[in-house]
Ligand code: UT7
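Coming up is one lone chain in structure tokens, specifically the form predicted alone.
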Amino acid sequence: MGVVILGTGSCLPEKIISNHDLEKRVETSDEWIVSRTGISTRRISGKGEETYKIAASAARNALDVAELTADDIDLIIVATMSSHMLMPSCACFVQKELGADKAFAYDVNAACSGFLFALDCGDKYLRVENNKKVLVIGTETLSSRTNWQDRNTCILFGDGAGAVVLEYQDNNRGVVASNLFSDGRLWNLLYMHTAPSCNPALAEEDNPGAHILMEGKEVFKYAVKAMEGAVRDLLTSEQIELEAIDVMIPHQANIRILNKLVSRLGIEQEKVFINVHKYGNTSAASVPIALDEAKREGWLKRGDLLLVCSFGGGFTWGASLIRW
């Protein structure tokens, strides 16, 4: 018995920014970006493509695949760190957009690991409320949180949204287990300030603004080790051999992290789905966008064992196993 993914969906903004476009903004080059990140293009939101709107579009696509309507949804969980507003939550805006009047809704902010954390919340909820249906969405407009003069970060990030519909079923499919972690001691290696405080007593003098700041080399080292550890511990606890994994979808951070992780795990490259070259790092949207694309491209068939893993600011990281 398990919590099954009934449908997947995604939404990507229309505007495409290439590495050659970035050459006109900062001191960089297509060769430099590709060699260090594997990224060639990324999607950037335009007018009418706010975080909650692309989230709602991804959700509609997932609902269509699941042959459900917004009226069927009881809970909406949105993973994001780039919500349109601090309040109301992005999830409440999505509920409004969908007309999902009977659903309650809330956000999860675990940076790039947000979708895995939100998926775990949905899984746990449905194991108690077996007759419900849950919509889990990862959505970001990181273009609104990027310093476009910082060549170390502006080359990495993109916008997009991905969604899944969950239901509890009496069979051997669904979420097998998750293994999630956080370490707030390392926050200053990857973080983003909020707007300056209105309370002078709480204001930080060196607040550079609400954009992403990162120590790339340090993040690289922690990201690979953390995801590898989460995966190995999860497989050990579930008594599953790595060879049993049919498909792996890691967080699409950059190609060097992905290649190093794949090498350390020893999993066959042919089993690993990668689309970072097209979309860049879309944070909480990364895994569900890749999941939807992998499904549409025929990577997943019924009964396959899927491994997903992620790492993000906080630090947060983890891995999940899903029987498709």
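In case it trips you up, residue 1 is the first one in the sequence shown, and so on. These figures come from a predicted structure and were not determined experimentally.
Heads up, the form predicted in complex with oxa(dethia)-CoA (UT7) isn't pictured, but that's what we're talking about next.
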Ok, P88, G216, G99, P208: which has a heavy atom sitting within 4.5 Å of oxa(dethia)-CoA (UT7) in the predicted bound form? G216
Could you check which residue among A103, V231, L190, I249 gets a heavy atom within 4.5 Å of oxa(dethia)-CoA (UT7) in the predicted bound form? L190
Counting only non-hydrogen atoms, the one stretch of 118-126, 219-227, 167-175, 90-98 within 4.5 angstroms of oxa(dethia)-CoA (UT7) in the predicted bound form is 219-227
Is T28 near oxa(dethia)-CoA (UT7)? Define near as a heavy atom within 4.5 Å, in the predicted bound form. yes
Might N281 be said to contact oxa(dethia)-CoA (UT7) in the predicted bound form, defining contact as any heavy atom within 4.5 Å? yes
Looking at the partner-bound form in the predicted bound form, is I76 within 4.5 Å of oxa(dethia)-CoA (UT7) by any heavy atom? no
Counting only non-hydrogen atoms and a 4.5 angstroms cut-off, does H277 reach oxa(dethia)-CoA (UT7) in the predicted bound form? no
Only counting heavy atoms and a 4.5 Å limit, does any residue of 240-259 reach oxa(dethia)-CoA (UT7) in the predicted bound form, and if so which ones? H251, A253, N254, R256, I257
